[in-house]
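Included below are structure tokens for two forms of one protein chain, each presented in isolation as structure 1 and structure 2.
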Structure 1
């Protein structure tokens, strides 16, 4: 018997023989799990978590009962909380049924590479959080005024601040802080309205964190609010990945499981807290020094990290619980920070265009431009903004996780060993490729490839098209005389990108007809979104294409246009801007006026629902072709003319 085993967050999956351990399954599927003791059940480094329930996306019912019973060796190495939360040792648990396995960060070999560096931003510093140093006269029998009133009087006299409220936790800390500081204290004030912290003596360091909570990855930027400098960056795979790879899968999980929302909420808050801890350790500061946090994320992530039921996002008319920005105490979300710390959440535009897209808009300011920009934030959920100072339109499209390595036979996320660059000789059909972690190409050194990540998937499909291996319909040209093209185990054609002896997984790495189809669906959805927005705007071409997001920064813009991910544009006007959502979150952390602007701009942007557009089906069908069934691409026509017919 064989059973389905799915590993998250890598997205690798396959049919595994009954009786094999999860460690053996991981090796077979190319999933890196720590195994310091070589599978002898003594190191405890290969801990994995088993997800329970029915997962419609994979059509599996995962259960602890689908593994061999937990043994004494595991109980010795797993604590009570881990056993309660379905942790097993991969070297000990044997497959007896279908299972969905989440590999936690600490158990992964090599670690996921989350490419979300902080971009350069130039912004006037006007943060919501400021610190004020005050010196108070100590009380006497003649002047026994209360500590609170005494502090308020000093703030008014020395800094002109009045009418402030005081956070309860700050009030509790006040008496001791005043006396420890010998009546000299530093007061943290939020938005000129509330005292959120009091500490003895003088301390002008003010710290905050900007978070970009993506469907797949989470990144945090620890920032000195006084200078705007990023002190440390930390990231991880979104721990919710085990509940579903895309937003609809997670919304469905919340609907189908009574405790589904709570589980996903706790998972993302746990991830945020882990990043906060890592950032503070890197910078050698205390968690209690974090006074302000800004969160961005798509609308589903927004609802889940706020613990708001997301069901209504998934059904027409796709209504969110709230559009405007929010300010919430960190402690109310169980986020570890200063006791009175505030969490600011940027506004959302619509059901599937969220606070992350508003982060992009805050960073790029298309509402102030004369040229018409097409801004594409490519991720599991593609978000698009089109326009300039006169008008802005937006939409979203379900590109799915294909661009991030999932739904691809040998797909994987960006990690050491992932093929990220590909070139195919148009004459011989022989490939050369480059993997993450090595500078040399495969014809210069043994690659030890483990799979293909998103940028590699786009390049290999573009190169296969340019070499005539696949036609513009996406169908394989099986008449070509090359051993690289063959029939796979399921009878469908496939292209061998790397032979087994070149790889680290001991098997050929291939690109199948199904893989090409998955790319067509994803790029077709993205192109259709762009095209319908352009039609609604009344234009045939755009002045500039902006690729936002970490993925957009690492894909080849020529390859992207060759397969038709977006409409034709001068390649010199196609620009990658990195993690603009994260940059926008940092801007909101450093300038409170930008928060007000974000609320105003969010309401100006007109959202277009693609699925109800009368041209959607026709446009989508035409966009499935490489680069398109009908649309012209004059800026790459010289490349298209060389493709073998």
Structure 2
């Protein structure tokens, strides 16, 4: 039996098999609903509201009775008022009749700010694809040699190119192109090896697209390969988000559904194609002009866009299907570009250190430096590279999604309304804060805040620590006399960052004891990763800390050091480099030697498995303190000294 399910505000609707959850219905109908835990009823982020009554427009009688009864987990994650107002968890409520479902703003996927602009890069142009203009003598009865051989002869005479093969699709286009161009053609050659395209006449414009396929966001940079200039940028939320928020949830989806991998693969390829067509529209160029594509992504994204079964990445010992870089025809992946276009995929370092991290290394070149750099890419998975020209080590640590706003009571993505900056007066414990989308701070204008994003979470925890609201062990100081610190619903202490009447959600925005605990786990894992790499390297300080990744550009350096996300370092030597993974993809598009270097460096970087480090637990435990239980932070000692006792 099938029933009608309608989602608002998107208006998407369809017939859904009885017994499916609303989350499954949302995936089927292409509605983006937050679901950090991958539908396991633990995160409580997929709250939806059921609209009851008869809706003529859709001809449905929607009722709470048309869903499976509310379960124990739901009651744990929904408060009384929500239950009264017909809220359910999309991952728990099962369809047993027609329903109209409203997806509230905070549960909606999308509307996120894309923080992945294209930085300046300096790179020598030596691209893998090159165009060559040739003029051929037309065939005659005396010289009836075939088109391909004739072209080869001309390429050898005019450009010294020998031994080229020809892509089958290019070959099919050859006879016509030669005659249409009156025996003058431009050929596209890939890696001095293969002719991948022929077009009549002269055309030296060579275009390519570098893609950074993130777990959450996908960005494409349409680039003029002859000049290195980015012509257009387009980005979107990774359409796989509806299958699970983090990589593990997606791997699990592939494991548990027979067509799971196929569906996610199609979703991401669809997304890539959409970006390609948007970019081509923006730049007024034809899709068939795209001669090459570079893809970077973490290991899970890598496997899924290549349609390779990812289960073995998700369980110990985390073996990827392949390390080295790959060159695949775009058409084999159903990616829309020139018929002979190639897709280059950067290599993978280790199970959880993917091609995106190689992009970072390609862009920053730590393997050529004297100074010892600590490069940290903060995401759900923290990827760390440490070293210089002598030696490079890497590791990955599962920070968890706390820094992305998940697992945090009022956490949200970096979208309008998210609190991103916080200051707390150490005397009065009164806060001021700033939300994304407003220039003024909360003491100047009604904030209309909706929640707290990752950079805001780091700042508020740092400020609470500096103001003595939480101790270095993370526990609340409940002896302070201010209405801002109170007992929350579950009896545990919380700090009110915004009162209900300032917000857009009509609720107090608080930071709870469990939120602080989640931050401790996340930052502790990151710090421990850095520390163990440093130990293995045999150093106790680094020359420079580089925060790679979009998130790194938005967090406050001082606040992140105050909570101890990474070891002490001169604050002037802590730099954010933006989306270095995307830069790496662009570099690989423009310089093929860098691709070879990437393969070589990837094999040289030694991956350190934290899992087997005997010191992990002790280090982790100490690193959960603010900023650390034992390690000293001389560069911020003056700040620590001011903390009220």
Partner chain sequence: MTEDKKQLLEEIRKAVIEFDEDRVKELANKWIELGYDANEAIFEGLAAGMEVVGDLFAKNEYFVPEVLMCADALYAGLDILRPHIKAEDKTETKGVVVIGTVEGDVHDIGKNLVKLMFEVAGFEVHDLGKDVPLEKFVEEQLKTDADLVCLSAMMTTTMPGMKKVIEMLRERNPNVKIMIGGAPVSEKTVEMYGADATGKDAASALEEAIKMVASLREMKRKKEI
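In this text, rigid core is short for the largest set of C-alphas that superpose within 1.5 Å between two forms. Residue numbers count along the first chain shown, from 1. Bear in mind that the values here come from a model prediction, so they are computed numbers and not experimental data.
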property	result
Number assigned to the form predicted in complex with the partner chain in this pair	2
Core-aligned C-alpha movement of residue 186 between the two structures reaching 2 Å	yes
Residue shift check between the two structures, rigid core fit, residue 199 Cα at least 2 Å	yes
Is_shifted residue 578 between the two structures (CA, 2 Å cut-off, rigid core)	no
Between the two structures, C-alpha offset at residue 177 (rigid core aligned, Å)	3.3
Value in Å for the CA shift of residue 84 between the two structures, taken after the core is superposed	31.0
